[in-house]
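Here you get one chain, nothing else, as structure tokens; it is the form predicted on its own.
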């Protein structure tokens, strides 16, 4: 039953035009941001104000994961749509009839979204590494200055899977698909960056910023901190924080599905 449910969830995405549209967008975002950050990193003067600061590995990570902020919003969108479309088109009834145990149906969505996130992570890395490594090498910089760069590339796959689960949880808790998309995209791209900027100027606030989802994401992929007053978490601590966000939203969503009536 679980295997059939997982296959069904993959089929719901890969039999539509959405998957390759997202793939093209994520690939182009990864390639474009890698090119931008590669030129910035190779043209910047070490220690100069207003330029990215960090180790050689962090600079390489910044190049390869610069498009991650766009990619994780897109995978979060997929997470919202994976359940939002079910409610919007009322296919949630047939889904739960095909898989009578609601927990099984939801676990299948969780597993499939982790796989889908990893898939789009590979697409993103193909674009970013191909373009970024070429530019770094042409400028005389080492494309892979340390082993932690490869760790970062692997962890970026996990990041996109977790953001897809965050979207799934939000899509269940806010059954209106449009509302869920607007709220989550606005929170990721507008509210959180502004909140991080404001909190970074307050002594206690700078201790809160590292625990916000985007800051935890940057810690996972070992990007340099955007503010000198904010001490970034280690990669594993950032992973635990992001897993926590994904787990809480997903579990709350699963509880709501279990208790709500579906007609």
Partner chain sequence: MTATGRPIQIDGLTKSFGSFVAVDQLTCTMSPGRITGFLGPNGAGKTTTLRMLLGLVRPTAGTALIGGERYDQLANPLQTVGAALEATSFHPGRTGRDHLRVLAAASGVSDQRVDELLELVGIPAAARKRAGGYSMGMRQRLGLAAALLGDPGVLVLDEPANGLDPEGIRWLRGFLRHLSSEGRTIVVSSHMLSEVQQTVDDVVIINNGRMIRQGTIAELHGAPRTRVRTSDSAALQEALRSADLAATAGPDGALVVETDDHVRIGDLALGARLPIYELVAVQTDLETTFFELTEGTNRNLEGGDPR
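Residue numbers count along the first chain shown, from 1. This structure is a prediction, so every number in the text was calculated from the model and none was measured.
Although it is not shown, the form predicted in complex with the partner chain is what the next lines describe.
Stretch 99-107 is the contacting one of 71-79, 149-157, 99-107, 122-130, since its residues have non-hydrogen atoms within 4.5 Å of the partner chain in the predicted complex. Taking a 4.5 Å heavy atom cutoff to the partner chain in the predicted complex, the contact residue among 91, 142, 176, 138 is 91. Taking non-hydrogen atoms only, residue 85 approaches the partner chain to within 4.5 angstroms in the predicted complex.
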